[in-house]
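We begin with a single chain expressed as structure tokens, specifically the form predicted alone.
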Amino acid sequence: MKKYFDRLYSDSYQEFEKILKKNLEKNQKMFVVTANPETFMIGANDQEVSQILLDAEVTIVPDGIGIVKGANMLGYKVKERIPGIEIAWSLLKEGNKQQKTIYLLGASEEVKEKTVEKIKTDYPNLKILGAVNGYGKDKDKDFEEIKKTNPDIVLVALGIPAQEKLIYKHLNDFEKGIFVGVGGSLDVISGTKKRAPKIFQKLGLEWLYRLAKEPKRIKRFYNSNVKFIFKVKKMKKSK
């Protein structure tokens, strides 16, 4: 797992936002993986995900507080979390300023429609080239449609690792575009779900807020976050 930490973006969110802005301006292709402990745990057991995380063309940012703490425990100087939802907001804002184009794939039909309306209302200069819910059986066919439109921003909300695998599979067919697997971010953007209160965000406790709201996540949390910390501690001892 150490090799994943080696590739982790370590600077501030503010600096990362500058990179997003610059890449949008220059039509520079970029694939952003927003990593939490589950991402690295899946990578350790899934060769395809591991290949994605080790690809020098892929940018990995520390979405989860567990990743930041794990990195710091191992001696990596990671400044702060860079949540996927913040990246999504930044791309919407900057895409609107630069009059760029966007394509959405994933989430439910209701969430997708509400997200489209939100973008049209709040980011009128950001042109939506297409929006497809995440329930279609042929995701490769969905991506073929995305290719035809050649968007500047592609947000894929299918959950980990499906969204990352799908993006990576088709990435080489694009000459430009910023691609991000955004998980449940469209739920927040659409207003369907509320993000954790500011105090939870500030303290790095958004995970606790989500667990309180969705107790069914506890098993998943244990299998990813808790086991991740044990693995990091073991790595630290063996250094």
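Just so it is clear, the model here is predicted, and its values are computed rather than measured. Start at 1 and count along the sequence shown; that's the residue number.
One more form of this protein, predicted together with ligand UDP, exists but is not displayed; see below.
Here the marked residues Gly106, Ala157 and Arg220 all reach ligand UDP in the predicted bound form, each with a heavy atom within 4.5 angstroms. Taking the partner from elsewhere, Gly134 is found to have a heavy atom lying within 4.5 Å of ligand UDP in the predicted bound form. Although the partner is absent here, Glu206 is not a contact residue: none of its heavy atoms lies within 4.5 angstroms of ligand UDP in the predicted bound form. Gly43 falls outside the set of residues with a heavy atom inside 4.5 Å of ligand UDP in the predicted bound form.
Ligand UDP in the predicted bound form is not approached by Arg195, whose heavy atoms all lie more than 4.5 angstroms from it. Contact with ligand UDP in the predicted bound form, judged by any heavy atom within 4.5 Å, is made by just one of Arg210, Lys69, Lys29, His170: Arg210. Partner contacts here mean any heavy atom within 4.5 Å of ligand UDP in the predicted bound form, and among 158-166, 87-95, 73-81, 123-131 they occur only in 158-166. In the predicted bound form, the residues of 182-205 lying within 4.5 Å of ligand UDP by at least one heavy atom are, in order, Gly183, Gly184, Asp187.
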